[in-house]
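Below you'll find only one chain, the form predicted alone, shown as structure tokens.
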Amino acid sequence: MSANGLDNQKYGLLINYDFCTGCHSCEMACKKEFGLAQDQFGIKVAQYGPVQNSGKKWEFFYMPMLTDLCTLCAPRVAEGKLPTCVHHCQAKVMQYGTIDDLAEQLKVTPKSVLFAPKCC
């Protein structure tokens, strides 16, 4: 069953971490939507760097990661809305859709990750 309860497709999130600004809006929106405790997250933004790699190039990026608490906002999606993290993403780096469609997008979007939660 899908997150929206309307079909048997598997759904997920495609996140382009090359443009994530680390604003944590996705975290806050999720906490507000589900009333999560201060130490609980449905999505959590991790930071890598700054690190100077062996090529002397500096790396520094943020990566929003889904936790086991993520349901891809099944109640919101059932109402025809986007998951709250996608809706509130300031940099618009998150896409919600079927795994098949997102996998196709992943092929042409460097520095992206595809999350397919067990729930959805």
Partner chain sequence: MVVKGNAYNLEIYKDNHTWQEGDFQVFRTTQWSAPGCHNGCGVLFYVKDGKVEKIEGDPQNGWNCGTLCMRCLDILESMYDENRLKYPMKRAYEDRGKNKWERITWDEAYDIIEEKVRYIQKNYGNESIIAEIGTGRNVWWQVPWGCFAGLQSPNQTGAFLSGDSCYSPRSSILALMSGEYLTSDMSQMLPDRYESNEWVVPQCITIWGCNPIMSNGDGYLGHWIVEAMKRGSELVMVDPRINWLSAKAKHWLRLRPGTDAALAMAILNVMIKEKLCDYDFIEKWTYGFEDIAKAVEDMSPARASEICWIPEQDIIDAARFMATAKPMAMHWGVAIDQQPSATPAGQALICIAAVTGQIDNPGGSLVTRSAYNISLFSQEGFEDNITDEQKEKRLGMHKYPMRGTGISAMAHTDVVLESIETDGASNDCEQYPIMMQWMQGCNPIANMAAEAPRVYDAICKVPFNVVVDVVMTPTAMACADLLLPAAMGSERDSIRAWWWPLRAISKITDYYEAHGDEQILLDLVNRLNPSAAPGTEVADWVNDLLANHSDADFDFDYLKEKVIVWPEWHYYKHEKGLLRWDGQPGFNTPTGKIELKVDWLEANGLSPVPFYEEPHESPYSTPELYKEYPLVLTTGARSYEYFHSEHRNLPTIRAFHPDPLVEVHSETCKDLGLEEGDWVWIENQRSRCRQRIKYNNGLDKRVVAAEHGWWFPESDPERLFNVFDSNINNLTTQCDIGKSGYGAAYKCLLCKIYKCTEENSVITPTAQVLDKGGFKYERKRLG
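A quick note: this is a predicted structure, and the numbers were derived from the prediction, not measured. Rigid core here is just the name for the largest C-alpha set that superposes within 1.5 Å across the two forms. Positions refer to the first chain, counted from 1.
The discussion below concerns the form predicted together with its partner chain, not included here.
- Mapping the unseen interface onto this chain, L82 counts among the residues with a heavy atom inside 4.5 Å of its partner chain in the predicted complex.
- Its partner chain in the predicted complex is not approached by D100, whose heavy atoms all lie more than 4.5 angstroms from it.
- Though the partner is left out of this view, Q9 does not reach within 4.5 Å of its partner chain in the predicted complex, counting heavy atoms only.
- Interface residue remark: F61 is counted as part of the site for its partner chain in the predicted complex, having a heavy atom within 4.5 Å.
- With contact defined as any non-hydrogen atom lying within 4.5 angstroms of its partner chain in the predicted complex, the contacting residues in 18 to 54 are D18, F19, C20, T21, G22, C23, H24, S25, E27, M28, A29, K31, K32, E33, Q38, F41, P50, given in sequence order.
- Taking 2 Å as the criterion, K57 counts as shifted between the shown form and the other one: its C-alpha moves by at least this amount when the rigid core is aligned.
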